[in-house]
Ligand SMILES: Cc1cc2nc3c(=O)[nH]c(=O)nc-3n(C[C@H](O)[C@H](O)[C@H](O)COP(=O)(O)OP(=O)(O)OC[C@H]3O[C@@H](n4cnc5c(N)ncnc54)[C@H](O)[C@@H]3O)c2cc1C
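Shown below, as C-alpha cells, is a lone chain in the form predicted on its own; questions about how it binds or moves come after it.
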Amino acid sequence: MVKKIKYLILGGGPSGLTFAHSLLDLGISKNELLVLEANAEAGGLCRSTIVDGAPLDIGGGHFLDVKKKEVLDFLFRFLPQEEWNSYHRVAKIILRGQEIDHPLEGNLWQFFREDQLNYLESIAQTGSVRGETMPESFIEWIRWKLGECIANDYMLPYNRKIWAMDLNLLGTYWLYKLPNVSFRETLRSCLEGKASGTLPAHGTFLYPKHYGYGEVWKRMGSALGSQLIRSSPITSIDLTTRTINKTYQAEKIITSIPWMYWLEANSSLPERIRENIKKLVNISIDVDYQKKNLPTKAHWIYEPSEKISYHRMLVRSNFCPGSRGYWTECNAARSLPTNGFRHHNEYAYPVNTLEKPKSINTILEWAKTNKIYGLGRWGKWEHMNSDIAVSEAMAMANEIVSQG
C-alpha cells in the first residue's frame, strides 16, 4: 500500500535532519513529513564511531563554527551548549621541514628569513599585484593570485593530491573561499613577526566534550522518532507520481542525496537531465586511524607533499578529550593498503569542475518544476560545512512552507 506524504526528505544527514525539524518548527505536523536514510544511523558524512576507545568522525574532520547564532541555537536544542568544548583553531601546514600556521599567506613570517624573502619576492611579482588580467585556467589563477612559490610548494601539489585529476578541469569560480591576504599585509606580517589577514572558517570552533561530532545528528535523528526511516536506500523513483521505493508518494520531494542515485533508481529521467548528472564529478575519501600521538598542538595539519598519500591529518588527541592518535584523509585513488581502521566514503567531496555550475543549475531548475528540491552538499553539489548546511536547510524550509 502506498503512503501519501506531503514532504518526503531523501537523506538523513545534517541538511535533511535540519529541514525536517525546521518543518516541525513551522507548524507542520509529524505525519506530514518523512525522512529516508540509507544508513543504519543518521548523520551522513558527519557520523562518528568508536575506534581505539574514543570517537572518530568517519567522514573526515567536522567541527561546529561559532559564527551563526541561529545555527548554534538550533543545534543546542539537541546537544546543549554545556556539552561542547570551545577551541581556538590551530591549523598547520607542513612545508620546508617546518609546521607553519594556516593560512600560509598570513604566516610567512614563521619561515626562516631566506624562505620569507623568496616567498615575498614571488608574491610581489604576481599578476594580481601587478594589475594583470585574471586568468581563467585554475593553475594560472593560483599563480596569478599567490605567486610561483606558494603555488609550487603548497597550492598546486595539495590540490593535485585532494582531487587526483587534471587541475585545469577545475573552475575558478569557487576560489573566493581562499583567505584573502594582500601583499601589504603579508609584508607587514614578516616585518612585525605576527599573523596578518583574517582566518578562514573555524577560527573558533566547538566539538563535543564526551562524543564525536556525530552525536548531535544522532540525537536529531532520534528526536524524529518514526518519521526517520533508517536503512532505507532509494531503489526506485516514479517521477510521474513522485513515488519512492513504490511505497511513499510525495507531494514534494527534498533530496539531499547524490544525484547519481537518481540515475540508478529512475530510468525515465529526461535525457538532458541524465547527461547533466553524468557531468557531475565527486571524489571518494578514505579515513584511516593511526594510534600514535603526534608532538603538535595542531587540531589539523595539511600535508602537501606528493610523496605522502594523505592530504590532511586530524589530531583528535588535541580536541577530543580522553583520546589518542589521529586520523588521516586521503583521496581513495591514492590510498595505500592498511591493516588498521579505515572508513571509505564513496561520496565525500563534490568537485567544482568547469561544467558544474551549468549542469547543476539545469538539474535544479528541472527538479523544481517537478516539485523536487535539491538541498545540501549533494542536492546542490557544493562543498559546504555543516553550519552552512544547517543554515541553508532552515532557510529552504521557510521558503517552501511559505509557498504552501
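All values reported here derive from a predicted model rather than from experimental measurement. Each residue number is its position in the shown sequence, starting from 1.
The next section is about a form of this same protein that is not shown, the form predicted in complex with this ligand.
Of the candidate stretches 124-132, 232-240, 90-98, 164-172, only 232-240 contains residues with a heavy atom within 4.5 Å of this ligand in the model of the complex. Proximity to this ligand in the model of the complex, defined as a heavy atom within 4.5 Å, holds among 154, 213, 319, 138 only for 213.
Listed residues 220, 257, 250, 104 were compared with this ligand in the model of the complex; 257 is the one with a heavy atom within 4.5 Å. This ligand in the model of the complex is not approached by residue 394, whose heavy atoms all lie more than 4.5 angstroms from it.
Taking the partner from elsewhere, residue 22 is found to have every heavy atom lying beyond 4.5 Å of this ligand in the model of the complex. Contact annotation: residue 349 falls within 4.5 Å of this ligand in the model of the complex, judged by heavy atom distances. A residue is said to contact a partner when one of its heavy atoms sits within 4.5 Å of a partner heavy atom; residue 109 fails this definition for this ligand in the model of the complex, lying far away. Residues of 50-68 placing a heavy atom within 4.5 Å of this ligand in the model of the complex, in sequence order: 59, 60, 61, 62, 63.
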